[in-house]
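The form predicted on its own is given below as one chain in structure tokens.
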């Protein structure tokens, strides 16, 4: 089954000053995407930039596949200006997904900033069961929070400046939760996406509490299919390609 296809933009609307939600009409033959996977999407019809850009699956709805993205460079600036009806070349879904937690485990989901894009559909999959630790720089950087609070069991918000929730990082919030939780913490499983330092901190917390944990690594990708070796990370078994062996890894595999 081919993972190359053309997708038509159904909607490309701003959700924040520098974040947009893109909805693509995808072919019915596309493999069903799973939380944690990603797509390589054409950001320009010309040659500058030449390469596709990697975006996490935000969620799949009846209208198509949705991508939540931050405008941070030339490619995403061009993408932001694209209108409904534009056809884009897409490759995906690609990469590994978040493994399912044991039936009796509570998923603890950690999102830092735009990392919410990767874990949003995973939380939705475990509606009223997952506890989310969502951190951002300020309250204005908390994206899709109302929707998230509509189906998560609990959302614990933290911001760097204390403008919403507790002051600190999502890792700080997780650490406090685990230190003050009454029930056995072995009934939890951790999933995280966000900046490298956040994932490293989450990995250390999970290790200290002996909780299974999975992280979605973010690296620049050129090809998305494991050919260019541009996105490797160091693991305990050597180097691994984020696009092919990841982006979701067991946290203990990564050499931080």
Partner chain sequence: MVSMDLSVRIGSLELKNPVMTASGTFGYGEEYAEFLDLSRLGAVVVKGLSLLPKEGNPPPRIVETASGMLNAIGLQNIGIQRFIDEKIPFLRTYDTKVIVNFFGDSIEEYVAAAERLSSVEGIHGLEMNISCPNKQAGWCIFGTDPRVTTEVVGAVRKATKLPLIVKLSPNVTDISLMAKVAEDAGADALSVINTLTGMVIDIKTRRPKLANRTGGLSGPAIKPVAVRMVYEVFKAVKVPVIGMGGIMHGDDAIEFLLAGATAVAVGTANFVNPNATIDILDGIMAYMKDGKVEDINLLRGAAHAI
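Numbering follows the first chain given and starts at 1. Here the structure is a predicted model, which means the values were calculated and not measured.
What comes next is about the form predicted together with the partner chain, which is not displayed.
Participant: If you check in the model of the complex, do 59, 115 and 127 all have a non-hydrogen atom within 4.5 Å of the partner chain?
Facilitator: None of them does, since no heavy atom lies within 4.5 Å of the partner.
Participant: Would residue 187 count as touching the partner chain in the model of the complex under a 4.5 Å heavy atom rule?
Facilitator: Output for residue 187 is no: heavy atoms all beyond 4.5 Å of the partner chain.
Participant: Report yes if any heavy atom of residue 221 sits within 4.5 Å of a heavy atom of the partner chain in the model of the complex; otherwise report no.
Facilitator: Yes.
Participant: Would you classify residue 208 as touching the partner chain in the model of the complex, given a 4.5 Å non-hydrogen atom cut-off?
Facilitator: So residue 208 does not count as contacting the partner chain.
Participant: Can you check whether residue 195 is within 4.5 Å of the partner chain in the model of the complex, heavy atom basis?
Facilitator: Heavy-atom contact with the partner chain at 4.5 Å: absent for residue 195.
Participant: Name the residue from 91, 106, 71, 82 that puts a heavy atom within 4.5 Å of the partner chain in the model of the complex.
Facilitator: Comparing distances to the partner chain in the model of the complex, the residue within 4.5 Å is 91.
Participant: Considering non-hydrogen atoms and a 4.5 Å limit, which listed residue (230, 64, 212, 33) is close to the partner chain in the model of the complex?
Facilitator: Looking at the other structure, the residue within range turns out to be 230.
Participant: Along 224-256, which positions have a non-hydrogen atom within 4.5 Å of the partner chain in the model of the complex?
Facilitator: 225, 226, 227, 228, 229, 230, 232, 234, 238, 239, 241, in sequence order.
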